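Read the single chain below, which is given as structure tokens and is the form predicted on its own.
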Amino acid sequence: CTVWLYRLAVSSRCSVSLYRLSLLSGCSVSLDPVDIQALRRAAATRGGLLNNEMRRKVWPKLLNINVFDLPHRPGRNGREKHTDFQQVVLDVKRSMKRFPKGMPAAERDALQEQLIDIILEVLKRNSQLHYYQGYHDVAVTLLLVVGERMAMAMLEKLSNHHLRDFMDTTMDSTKHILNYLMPILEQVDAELHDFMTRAEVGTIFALSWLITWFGHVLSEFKHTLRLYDFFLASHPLMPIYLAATIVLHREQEVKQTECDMAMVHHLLAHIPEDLPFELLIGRAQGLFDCFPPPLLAKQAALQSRNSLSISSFQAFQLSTLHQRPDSVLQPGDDGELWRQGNRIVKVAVWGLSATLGAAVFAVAQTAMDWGPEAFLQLF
């Protein structure tokens, strides 16, 4: 695939309105089986999944999670005995910037405790997984959107698939994924690739981008959510393609920097706040289509190491294709609570609004965005 074809792929756009209409009307989610391909396209195309209410419906389907069979809330007895307890607590306590500005301290503290519980429970249920610093950045993004129990189910599924290479005992598999970055750059901009090679900058500047799905480095939560829409609907290597796209987008800045490892690393490690993410997402998809992982693996001799995330992806994708819509599943009591959750919240908010006025309504809506399950516990 030539650079010309890549640029052609970048310029092309699917029809966004069709996917948005199908989502908003519930058609893709309600079909039997669920139209998972339409959901993936909607999550990946311009605008993504629009809002958190839509994400609560679609994210579980993208990961083949039965909303009526969620894990129970984890208990806290004995959690201090877990090997990673101290490190998880330290990382979570340092994650205050990941919570919305202005959130009441008591609410943030409660969510941080839930975050610790979720992480330790997933690790306890999956002894083959090993905690890494940055894992909590993924977990907190899920928690703030879908609530505690769904976040735990999603985190467990991601940990065994998309994030699996980061959860080995060593960083060898993570370095293997990072090694795809330079071959992508070489395919599109050989001059930029050669400049970075001469600077000996390596790829460590993109480590936190990769292992946190950019959650740790973006200041605007809306950008993080947009990227999560994209990554949840894509191949596990898509974050490294987006990383390459960001470097290519900044190629003039890079080339104008002194060809020195420290200088180039400093430039690339700090992501500008005004990046055009919709444009970059389209370009990353174009890169992936033109230079798929098998092609890069052959050219860069990367096939010597087996990636669990990559090798299991095809089976994972196939498993999502035959999901039943929520309306035909057989919910138990817990499932009924999840299904009725949004309706309960809406009724409660309407009641508050009618009784106490618009100010309380605004506060309640904001609380719902911060933590849907925490808000549900008020009623």
Partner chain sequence: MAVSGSDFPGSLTNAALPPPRTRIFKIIVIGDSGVGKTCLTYRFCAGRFPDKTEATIGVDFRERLVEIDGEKIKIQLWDTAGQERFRKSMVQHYYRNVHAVVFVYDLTNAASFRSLPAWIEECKQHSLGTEVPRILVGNKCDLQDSVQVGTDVAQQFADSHSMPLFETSAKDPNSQGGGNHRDSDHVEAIFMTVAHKLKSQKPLVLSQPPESSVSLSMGKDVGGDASRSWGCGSC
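Positions refer to the first chain, counted from 1. Nothing here was measured: the structure is a model prediction, and the numbers come from that model.
Missing here is the form predicted in complex with its partner chain; even so, the following discussion is about that form.
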> Pick from 170, 252, 127, 77: which residue has any heavy atom within 4.5 angstroms of its partner chain in the model of the complex?
Replying inline: 170
> Which listed residue (204, 190, 279, 295) meets the criterion of a heavy atom within 4.5 Å of its partner chain in the model of the complex?
Replying inline: 204
> Which one of these stretches, 127-135, 283-291, 142-150, 67-75, sits within 4.5 Å of its partner chain in the model of the complex when only heavy atoms are counted?
Replying inline: 127-135
> Using 4.5 Å between non-hydrogen atoms, is residue 121 touching its partner chain in the model of the complex?
Replying inline: no
>> Using a 4.5 angstroms cut-off on non-hydrogen atoms, would residue 178 count as touching its partner chain in the model of the complex?
In response: yes
> Going by a heavy atom distance of 4.5 Å, is residue 194 a contact of its partner chain in the model of the complex?
Replying inline: no
> Looking in the model of the complex, any heavy atom of residue 258 within 4.5 Å of its partner chain?
Replying inline: yes
>> Residue by residue through 257-277, which ones have a non-hydrogen atom no more than 4.5 angstroms from its partner chain in the model of the complex?
In response: 257, 258, 260, 261, 262, 263, 265, 266, 270
